[in-house]
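The form predicted alone is given below as one chain in structure tokens.
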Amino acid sequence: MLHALRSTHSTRTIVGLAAALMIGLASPVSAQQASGTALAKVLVLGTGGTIAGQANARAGNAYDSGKVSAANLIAAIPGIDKLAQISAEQISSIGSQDMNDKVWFDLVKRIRAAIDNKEVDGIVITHGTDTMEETAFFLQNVLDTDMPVVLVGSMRPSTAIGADGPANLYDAMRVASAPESRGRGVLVVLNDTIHGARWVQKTNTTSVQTFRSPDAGPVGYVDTGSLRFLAAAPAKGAKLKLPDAPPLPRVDIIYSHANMDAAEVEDAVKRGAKGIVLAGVGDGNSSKGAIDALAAAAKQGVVVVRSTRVGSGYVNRNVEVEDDKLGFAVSLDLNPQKARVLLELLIANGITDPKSVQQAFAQP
């Protein structure tokens, strides 16, 4: 049953056509219906993104993000109401390149209220793909719940030929409503694949296979016929507290490159960065000038974490850089953008000494 969903005839027609192409007009009967049990209740929180995009005439593949509400997206997908009792609310209507602390805090506030009031059995968040991995990892670090929280998006707007959003949203609803999804942390679902928030990355600018987990692999697969997790639910890591209101402490990412000097690091310190994440070359390395500037920043109380601009692999301590001597932490398996999210939260919680920061980065 679909509650509180509004849509225009044109939006329903356009998105519904894409949905029919992707998942067909007939949908399989859910496991809950087959067993005679009540359907799970799932709350969909819309934030915008390509999945809610509409075509723009400025170019053949141009579109504007966040133009279609989450309610209208759901209403246009045949058979999705057989998976769960669905309600939808709009948190924001932005492209995820504009994702910000306020939207993150609003998401947490609404999700926590749903948990505390026992309103629903699962959450689906529609989101742009550009910063989806950061939002997922942020939520993973602050939400203390076994309830499924699933982020979903698309690489093609809702009005595109072969739009992938309807199938992705259908799959996300299937995951969020399934009892076997409980206790698995925050998940990302696109292209019939389920990823964990810690490992997932966007790896291609336009491909529908853009989301991968290079250092771990997917945690499961889902389609209109089945849901398959590849391993038991992981152990739950420690959660971090949020301040009463945004913003989070400022943390800058410095991108390492050939012929680099100290200017970018020194500028970040002057602009008030409380933390710096180095997107280093190779194993999180950089030029002597940049490393010296980072060491000076660390002595001033700026928290420094070395990550890597490389798309996969771990950053290890004390290989080429003397982390113990210089007061640095390393990101291990976290890419720069996720290292930044975690460091923001750590600083907000008063965790700033290198040893404690390093311990936090090592937690699952």
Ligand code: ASP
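Start at 1 with the first residue shown and count on from there. Note that the structure is predicted; figures quoted are calculated from it, not measured.
Same protein, other form: the form predicted together with the ligand, not shown, and the subject of what follows.
Contact annotation: the ligand lies within 4.5 Å of heavy atoms from the stretch 124-132 in the predicted complex, the single such stretch among 280-288, 257-265, 124-132, 244-252. Under a 4.5 angstroms non-hydrogen atom cutoff, the ligand in the predicted complex lacks residue 158 among its neighbouring residues. When the ligand is considered in the predicted complex, residue 195 lies well away from it, no heavy atom lying within 4.5 Å. Remark: residue 154 counts among the residues lining the ligand in the predicted complex, judged by a heavy atom distance of 4.5 Å or less.
Residue contact with the ligand in the predicted complex: residue 148 places no heavy atom within 4.5 Å of it. Only one of the listed residues (185, 275, 95, 166) places a non-hydrogen atom within 4.5 angstroms of the ligand in the predicted complex, and that residue is 95. In sequence order, 49, 50, 63 are the residues of 37-63 having a heavy atom within 4.5 Å of the ligand in the predicted complex; the partner itself is omitted from this view.
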